[in-house]
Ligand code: ADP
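First, one chain by itself in structure tokens, the form predicted on its own.
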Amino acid sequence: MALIQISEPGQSSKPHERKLAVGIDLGTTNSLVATVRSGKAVTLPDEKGEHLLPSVVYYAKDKSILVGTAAKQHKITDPLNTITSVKRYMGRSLEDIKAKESPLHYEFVQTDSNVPRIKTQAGNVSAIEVSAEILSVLKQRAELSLGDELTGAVITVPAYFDDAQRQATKDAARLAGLNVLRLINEPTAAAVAYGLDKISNGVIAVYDLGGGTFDISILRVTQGVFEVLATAGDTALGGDDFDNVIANWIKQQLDLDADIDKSLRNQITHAACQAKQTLTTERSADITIKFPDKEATLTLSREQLNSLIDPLIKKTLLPCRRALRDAQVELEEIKAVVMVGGSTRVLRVRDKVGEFFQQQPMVDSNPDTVVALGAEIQADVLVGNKAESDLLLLDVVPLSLGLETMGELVEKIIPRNTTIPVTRAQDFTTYKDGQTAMSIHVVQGERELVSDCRSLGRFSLKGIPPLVAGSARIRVTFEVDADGLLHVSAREETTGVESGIEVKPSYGLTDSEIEKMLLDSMEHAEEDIAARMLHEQQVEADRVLEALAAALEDDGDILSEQERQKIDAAAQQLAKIKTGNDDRAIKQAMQELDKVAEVFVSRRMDSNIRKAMAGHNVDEFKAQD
């Protein structure tokens, strides 16, 4: 009898065959690609045996492109055409970049699409295209090492990347020819790589300080389930900032102006980075700067380095406090603190984080590779190479998502730190009689007013039946997928008319905007509540005045001149008071108008009943019953 071989869904029908999937850490300073070999996740080297790929791209005059170490060699000699730390530009507008960099490191060109492009001698390129070049090299490395085409990749992103930055990362992968299985938050990937799902049940903190971004995530691990309780951070804070403060110190010691040429500035920044690395093992580091006619040598001690970077380390501890508060976790509940990212090699960082969490942080894994390894473990699960896996990752939304309602108020649909993937829906209605369209404005933030939050996108729902105000029922649905990407749709329930948008803004949040949004939401809580109440009363007053004006136009002749004057006076008083800042006074003015208009409402109702009864008698209506 012949045997029929079957397989589990998503798995190869041949047991010896595996689907090739990789994990990619697309870093600010370095990037890596990892795969599973003999049941163990490992990073893949290039032909020279190097595992780390510098996240650097050089655009040559002949339009050739170099990536990695070969590109890095041009940083000092040709800085304008050598793009580094491009991760900081992902999903950002030119205004965002200018707010962070002064002076700008590159020449930027604004485009019609609002996506800034960097001017190079090989042509203008966007941050997405630069990242795609890095991802292409990692893809080629994987296919050469594994000898086959890839099924897909899991790519890591900072936990505090907003929707625009995540979408930009996914677009870069698509340009590189990669099938993205999932975007995974870097701290979560690190926790997976540490094997904490197997050795620890409890609450852990993952402190991730890379070259250009910082994240802190509080996770609860229960029998292989990683549940992110809260996340916080800064998408523009990392080792690059350490280099910059050291570079500024060098310029002060050498009495150099801030406005120096880019080549000298890059030489100083490179020297600063080397000194920082030296001071992880030595007590002091010599710094030599070459000028056209001389050399200058300085010595930087570890104590001096500590004083320079302490303010930056302090900036990372503020989000740590907020994450603990949002997770409703006390310090003593933290079972382990995992250190991730190349910048956690700095001894001062480890000391300060240990002091904050009141325990020795875990530093036994390579902080450069741990994120890529965690991503590969997840990739191996997603393509079905593992028959069974108890591994489950539950990430969260970093900032609340909502939409604008009348009066420029924000209605939050998905609160921050909600576990993803998630779908939430809420019903709304029309504001005016006969309204046939609705503009839907999607926003992100923690404040009560639209002006204090960040706009993500707009779309319109058309074809709403022209009903009386408040009769139509429009269901707005927010859906955040496992990658943290948002889709919003709206549907009019009686007709089935619907519209939607994949929220894909061409910019991201500015450097400390997320931090500021959360702090502002706490500092201005009472003020925001008062503002919301005022706006709600103003919107209600507008509705009352509009409805009264329409009624008076139709049936105003049933009032005497004296009665009409009283109603008009009360309406004028309400119109005047509603422009003020006293919500109680507006409410009282509406109540006064209601009292004055009682006679009109009653008489109008009687009149309409008489019109309906004209030509009929009561017995006819009884017969219908």
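Just so it is clear, the model here is predicted, and its values are computed rather than measured. Residues carry their position along the shown sequence, with the first being 1. Definition used throughout: the rigid core is the maximal C-alpha set that superposes within 1.5 Å between two forms.
From this point on, the text means the form predicted together with adenosine-5'-diphosphate (ADP), which you will not see here.
- Out of the listed residues R447, K276, K170, R491, K276 is the one that sits within 4.5 Å of adenosine-5'-diphosphate (ADP) in the model of the complex by at least one heavy atom.
- In summary, among the residues T429, T280, S455, S307, the only one with a non-hydrogen atom within 4.5 Å of adenosine-5'-diphosphate (ADP) in the model of the complex is T280.
- Partner contact region in the model of the complex: 234 to 242, out of 458 to 466, 296 to 304, 544 to 552, 234 to 242, criterion any non-hydrogen atom within 4.5 Å of adenosine-5'-diphosphate (ADP).
- Residue contact check for T29: one or more of its heavy atoms lie within 4.5 Å of adenosine-5'-diphosphate (ADP) in the model of the complex.
- Though the partner is left out of this view, R345 does reach within 4.5 Å of adenosine-5'-diphosphate (ADP) in the model of the complex, counting heavy atoms only.
- Under a 4.5 angstroms non-hydrogen atom cutoff, adenosine-5'-diphosphate (ADP) in the model of the complex has G341 among its neighbouring residues.
- Although the partner is absent here, E479 sits far enough away that none of its heavy atoms falls within 4.5 Å of adenosine-5'-diphosphate (ADP) in the model of the complex.
- Here S145 does not count as shifted, since its C-alpha moves by less than 2 Å between the shown form and the other one after the core is aligned.
- With the core held fixed between the shown form and the other one, I246 has its Cα displaced by at least 2 Å.
- Core-superposed comparison between the shown form and the other one: CA of T369 displaced by less than 2 Å.
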